[in-house]
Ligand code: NAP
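In the block that follows, a single chain appears as structure tokens, in the form predicted alone.
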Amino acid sequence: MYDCVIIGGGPGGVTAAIYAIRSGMKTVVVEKIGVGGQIALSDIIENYPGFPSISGLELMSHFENHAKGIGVEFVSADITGIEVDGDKRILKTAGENIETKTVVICSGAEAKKLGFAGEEEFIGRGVSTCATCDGPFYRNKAVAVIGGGDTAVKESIYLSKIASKVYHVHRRDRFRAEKVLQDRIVTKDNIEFVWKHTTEEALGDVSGVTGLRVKSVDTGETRDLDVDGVFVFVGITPNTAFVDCDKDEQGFIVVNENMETSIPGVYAAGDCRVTPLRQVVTAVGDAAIAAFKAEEYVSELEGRAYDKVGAQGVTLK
């Protein structure tokens, strides 16, 4: 039986593992695909302290090397459910179940689909949610970007370095993105803003996408954009279906200031939880707290108690 099982190998999951291992807990990270999470797909990160500019893949390689260097164990499995049996938390998988005293959920979130005609049909054949992954396929071609938040603006800027033309489609007349990103995108000569338009349909044939039909919010008139690729950045959906705990209406896990879920001994950190900000820096902060509280929980199970000694740490009775 493990002391702590961490679900997810992104920034939060790796951070939780580092803290858990350093506190002496028998720990494992369970990751469905591979270490890195969604952030590994980001072209450039410029707001993580200590790294003025670094790719997501490179940053996560530092995380992974740190964790493996201190003995963090990683296993590949898909968690399908969590059951409580007394002091045990049983993680259901397609293979053998995993037993643990505590769980830290760092399962993250995935790109949300917009639901326009042709979106599903052309996924992987012209419709994408990852500019870093698929952008190079559209070198010197025209593409469309849909969305108005930070991710949409950043990816539009990235694609402007590759594509000959970027149509940026947004249903409103202004972006929600950070001011610094808005200032940066307006300097790109090959980005054309298609304000106050919704996405109607991805056009194409057996070869893939050949265009994008958009509709004016004001007039209802449609317009066809001559593009070879469509990149959708309209939010995220949390990967939390496997756990039955308190969530908000979108499925994000509700936690308290200690990252505790409604299930004792189960914690959540990072993008999968209800939070006003989803960034690498907030995920690692959440995860450090979650692992720390998980260790306290395990200690209490073993009949130990801690006295808090200011901000400097704890003293074992």
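Every value quoted in this text rests on a predicted model; they were computed, and no experiment measured them. One rule holds for the numbers: they count along the sequence shown, beginning at 1.
The discussion below concerns the form predicted together with this ligand, not included here.
**Message:** Is it the case that E178, even though its partner is missing from this view, gets within 4.5 Å of this ligand in the model of the complex, heavy atoms only?
**Reply:** Yes, E178 lies within 4.5 Å of this ligand in the model of the complex.
**Message:** Using a 4.5 angstroms cut-off on non-hydrogen atoms, would V209 count as touching this ligand in the model of the complex?
**Reply:** Close contact is absent here: in the model of the complex, V209 is far from this ligand, nothing within 4.5 Å, heavy atoms only.
**Asked** Looking at the partner-bound form in the model of the complex, is K88 within 4.5 Å of this ligand by any heavy atom?
**Response** Although this ligand is absent here, K88 would stay clear of it in the model of the complex, with no heavy atoms inside 4.5 Å.
**Asked** Taking heavy atoms and a 4.5 Å cut-off, does R171 contact this ligand in the model of the complex?
**Response** Although this ligand is absent here, R171 would touch it in the model of the complex, with heavy atoms inside 4.5 Å.
**Prompt:** Every residue in E121, G126 and G204 with a non-hydrogen atom within 4.5 Å of this ligand in the model of the complex?
**Reply:** Not a single residue of the candidate spot has a heavy atom within 4.5 Å of this ligand in the model of the complex.
**Prompt:** C245, A77, V84, L114: which sits within 4.5 Å of this ligand in the model of the complex by any heavy atom?
**Reply:** Looking at the other structure, the residue within range turns out to be L114.
**Prompt:** Out of V234, I185, V214, I98, which one falls within 4.5 Å of this ligand in the model of the complex, going by heavy atoms?
**Reply:** Going through each option in turn, the one that passes is V234.
**Asked** If contact means any heavy atom within 4.5 Å, which of 68-76, 223-231, 129-137, 148-156 contacts this ligand in the model of the complex?
**Response** After filtering at 4.5 Å, what remains is 148-156.
**Message:** Can you list, in sequence order, the residues from 261-281 that come within 4.5 Å of this ligand in the model of the complex, counting heavy atoms only?
**Reply:** Contacting residues: R278, Q279.
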